[in-house]
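Only one chain is included here, represented as structure tokens and corresponding to the form predicted alone.
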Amino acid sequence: MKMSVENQSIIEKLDLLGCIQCGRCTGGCPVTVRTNLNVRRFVYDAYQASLEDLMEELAQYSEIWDCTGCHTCAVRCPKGLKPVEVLYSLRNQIVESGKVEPTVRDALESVFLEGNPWGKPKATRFDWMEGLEVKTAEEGQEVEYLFYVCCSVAYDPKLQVVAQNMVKILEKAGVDYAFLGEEESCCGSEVQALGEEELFMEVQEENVELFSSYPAKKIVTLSPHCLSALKKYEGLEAEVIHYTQLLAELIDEGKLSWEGEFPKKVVYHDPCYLGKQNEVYDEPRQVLKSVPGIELTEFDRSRERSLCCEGGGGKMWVETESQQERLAETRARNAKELEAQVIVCACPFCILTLDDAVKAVGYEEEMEVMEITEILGKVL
């Protein structure tokens, strides 16, 4: 059988020949316990489908949409492969065919028209600034830290406090910073996860051009999803870091300390996009440990073994049908066993899924879900 150039490029791009079919990806996949997703099988089937021009047929399996993009499969792969990219590639086949769920279609269309996947007007992206004196970037003028606000943080009333408290923290630290302002748009993280690769490339091109107009030594993201997306950008010169990395550095240098106390037992949830994808594990914990009065405990599954909350990989717009308990609800029960009063996290999507989970299992009267900046805002 003579392989077409297109099929050969798919095999090479996804490195399908590198898979040794050991099954560690499926064995570690957190959603396998409640869905029919078998990552190892998909990698094998994608290779066969590429040879026989059956990729479109393979893309019809609904399990493709169960993946949360947590990258546990990549962490566990002994060959250093990223099986998740096979699933994203198959999603791209579906998007190109136009056969997507209305929720996916609407999210992608909203990014194209309004610069965010939530269907919110672009003109209201920075309403969170109301009542605050926020330093915004000036074209051509370099700043040390240019802040990039996640779409969810910008528009969701529960999450806007993340950006608002960050402004207060930066003012307290006295660092040279600026926010982008009204020109800021979606990073494209979930666009790529949903399979719209062409739109992601357009978003990347527009954002790289935008960042070049507002030079900075470092771009600081409020969301791990933005961190992962911006790190993939071709042509972006500035270093991209997560805000917990910056705060840990400022604390180390003695530029940031806290006045109040937070006398509660908290458990830190490692976001997949911050931990597994970017290996940022210590800095969030360092920031939390610097808060007077806090008692920090750990989940049994933490760091690279952290249990995914199912918020990533475009799952905010695709529902998985299952009789099994959601992973975020399992996480809430684990926190209850630890007698934690607060589940604390550093990711907007994790905050939303875990908050819903705490309510779903009936713990809302005894347990909170808080973003790290929420705690810091109480001890400023």
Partner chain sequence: MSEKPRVGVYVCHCGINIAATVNVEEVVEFASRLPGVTVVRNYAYMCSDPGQQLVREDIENENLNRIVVASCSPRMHEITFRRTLQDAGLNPYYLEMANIREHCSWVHPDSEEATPKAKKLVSAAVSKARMLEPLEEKEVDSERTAMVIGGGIAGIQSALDIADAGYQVYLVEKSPSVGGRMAQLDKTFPTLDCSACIMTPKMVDVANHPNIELMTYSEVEEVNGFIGNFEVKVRKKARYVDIDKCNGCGECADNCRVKNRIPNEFDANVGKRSAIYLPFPQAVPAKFTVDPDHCLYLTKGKCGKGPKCQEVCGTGAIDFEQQDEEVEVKVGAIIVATGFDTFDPSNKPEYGYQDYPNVITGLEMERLVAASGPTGGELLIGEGENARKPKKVAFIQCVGSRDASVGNEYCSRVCCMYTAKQAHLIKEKIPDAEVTVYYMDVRAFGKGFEEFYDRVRREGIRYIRGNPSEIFKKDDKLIVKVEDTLTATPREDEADLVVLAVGLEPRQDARGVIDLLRLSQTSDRFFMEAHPKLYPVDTSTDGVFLAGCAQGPKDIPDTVAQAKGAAASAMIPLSRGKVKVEAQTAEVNEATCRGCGFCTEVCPYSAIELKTINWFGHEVNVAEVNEALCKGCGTCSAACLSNSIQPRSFRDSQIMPQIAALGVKS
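Residue numbers count along the first chain shown, from 1. A quick note: this is a predicted structure, and the numbers were derived from the prediction, not measured.
Here the subject shifts to the form predicted together with the partner chain, a form of this protein not shown in this document.
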Among Glu261, Glu142, Glu304, Glu298, just one has a heavy atom within 4.5 Å of the partner chain in the predicted bound form, namely Glu304
Assert contact residue (the partner chain, in the predicted bound form, non-hydrogen atom within 4.5 Å, options Leu108, Cys77, Ile294, Ala248) equals Cys77
Within 4.5 Å of the partner chain in the predicted bound form, counting heavy atoms only, one of 344-352, 315-323, 48-56, 33-41 shows up; tell me which. 33-41
Can you work out whether Ala360 and the partner chain are in contact in the predicted bound form, taking contact to mean some heavy atom pair no more than 4.5 Å apart? no
According to a 4.5 angstroms non-hydrogen atom cut-off, is Ala328 in contact with the partner chain in the predicted bound form? no
Can you tell me if Ile11 lies within 4.5 angstroms of the partner chain in the predicted bound form, counting non-hydrogen atoms only? no
Cys67: touches the partner chain in the predicted bound form, heavy atom cutoff 4.5 angstroms: no
